[in-house]
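One chain follows as structure tokens, the form predicted alone.
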């Protein structure tokens, strides 16, 4: 773990440079009764060798997808990342740069953002993409706020229970103090029933939020749901899996007005759940309500191609009351990784990756459900992820035993869906081999 020493001599030199006599003087404005009057409860200082050994020991307690065979999903996936992604994204001019306040001086970064936006617009079938957001959940919440401000409907937002539960929690947090009702449509069959959505939307509904494929991996009748929402004058916010668009219709093609996604699948490791990449695209008529930034292409006075920040809708650039959100930067490094990944794969590579996920998931389900203990929880078509029911109802024990046997076997669903306490979610990416799937099936089937 590289770090810089901070010796007493270093501290004295820094204090002298800023004209302070002590570190305590820097905190003089803090009332005395609010200051900690004892040493911090931390272990004694270690030598560099001791610290390295200690941190290595702590890190060894973690288990990662490279050590076990990974069938985890639910928003973070073990996809293959070409070596070129790490090599190019690790270049110093990208890896160490930060959002410049005079953005136009950083033409390389702006070009990356422009290329990223172009790829995301083509991927989603929508008109415009922003420069990225923090992650899939916050992108979904920002999309809901965007829909509310665009429609000026402050009564209700309708969301499917098949949307990622953490996205739903994030949206609920954003709406908590706005007086907007968040109505959730149950999905006992794994997908939204059109008649249930029709009963929920009305002339006060700002938007309908659906996920395609949904959190369970099931394929929604998205076009029908979009039609119902639009008939009520509501916008459609679609959460999607970027890899799935190698096979499925793009959100813009089935009627989504705003599309959001977790971009981790596009060249970013699982890395303990983040940081990740929030993707957002929308139709042109909504662009003035889009949060974050948009880079554009233009020409300089010499007629050469150059890049600028075309739209900046945060408080730092415009009057506070005109700002669309407080998003102050973007996940530029991860947007760069997504750009490289998509450029490397191309349309056919994305289709091949999606097809491998589809076929391997089908094979895994067929093998696992040969055993009486397991069955599919839903009968809807799926992509990459499937909900499996353990007829013995001992999901936590099953997954713990599988971990000991070398498998990250799935995600228990009871933590979010009490009615699915006997179910777990599996994801099968292009990385899983036939031997790994067979071994995983054998390990789960023999557990008591």
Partner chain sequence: MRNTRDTNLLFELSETGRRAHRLPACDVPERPVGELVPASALAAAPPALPELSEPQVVRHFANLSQLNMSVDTHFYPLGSCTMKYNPKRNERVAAMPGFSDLHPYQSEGTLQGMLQLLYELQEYLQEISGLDACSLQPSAGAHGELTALWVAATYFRDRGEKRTKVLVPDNAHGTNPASAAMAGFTTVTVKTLPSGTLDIDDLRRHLDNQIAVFMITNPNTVGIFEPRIREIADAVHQAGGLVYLDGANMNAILGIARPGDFGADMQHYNPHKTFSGPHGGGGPGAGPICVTEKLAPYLPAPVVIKTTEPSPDPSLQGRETDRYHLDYDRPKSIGRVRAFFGNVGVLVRAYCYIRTHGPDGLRRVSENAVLNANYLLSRVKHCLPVPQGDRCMHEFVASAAKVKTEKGISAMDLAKRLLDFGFHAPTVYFPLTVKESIMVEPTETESKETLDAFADTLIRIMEEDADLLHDAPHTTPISRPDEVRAARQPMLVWPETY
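Positions refer to the first chain, counted from 1. Remember, it's a predicted structure, so these values are computed and weren't measured experimentally. Each form is matched to the other, and the largest set of C-alpha atoms that superpose within 1.5 Å is called the rigid core.
The form predicted in complex with its partner chain is left out here; the points below concern that form.
Next on the checklist: Quick check on residue 351: any heavy atom within 4.5 Å of its partner chain in the predicted complex?
Outcome noted: Residue 351: yes, in contact with its partner chain in the predicted complex.
Checklist entry - Looking at the partner-bound form in the predicted complex, is residue 376 within 4.5 Å of its partner chain by any heavy atom? => result No - in the predicted complex, heavy atoms of residue 376 and its partner chain never come within 4.5 Å of each other.
Next on the checklist: Since only the chain is shown here, I'm wondering whether residue 418 would be in contact with its partner chain in the predicted complex (any heavy atom pair within 4.5 Å).
Outcome noted: Flag for residue 418 set to no.
Checklist entry - Even though its partner chain is not shown here, does residue 368 get within 4.5 Å of it in the predicted complex, heavy atoms only? => result No, residue 368 sits far enough from its partner chain in the predicted complex that none of its heavy atoms falls within 4.5 Å.
Next on the checklist: Counting only non-hydrogen atoms and a 4.5 Å threshold, tell me whether 123, 173 and 219 all contact its partner chain in the predicted complex.
Outcome noted: Spot residues vs its partner chain: full contact, yes.
Next on the checklist: Just to confirm, with a 4.5 Å cut-off on non-hydrogen atoms, which of 203, 372, 231, 93 contacts its partner chain in the predicted complex?
Outcome noted: The option sitting close enough to the partner is 93.
Checklist entry - Of these, 227, 169, 193, 184, which has a heavy atom no more than 4.5 Å from its partner chain in the predicted complex? => result Checking each option against its partner chain in the predicted complex, the one that comes within 4.5 Å is 169.
Checklist entry - Out of the stretches listed (233-241, 153-161, 195-203, 83-91), which one is close to its partner chain in the predicted complex, meaning heavy atoms within 4.5 Å? => result Of the stretches listed, the one contacting the partner is 83-91.
Checklist entry - Does anything in 7-21 come within 4.5 Å of its partner chain in the predicted complex by heavy atoms, and if so which residues, in order? => result Those in contact are 10, 11, 13, 14, 15, 17, 18, 19, 20.
Checklist entry - Fitting the rigid core first, would the Cα of residue 435 be found 2 Å or more away between this form and the one not shown? => result Where the cores coincide, residue 435 shows only a C-alpha shift between this form and the one not shown that is less than 2 Å.
Next on the checklist: Core superposed first: is there a CA shift of 2 Å or greater at residue 419 between this form and the one not shown?
Outcome noted: Comparing forms between this form and the one not shown, the residue 419 CA shifts below 2 Å.
Checklist entry - Under a superposition restricted to the rigid core, does residue 35 display a Cα displacement of 2 angstroms or more between this form and the one not shown? => result Shift at residue 35: 2 Å or more after core fit.
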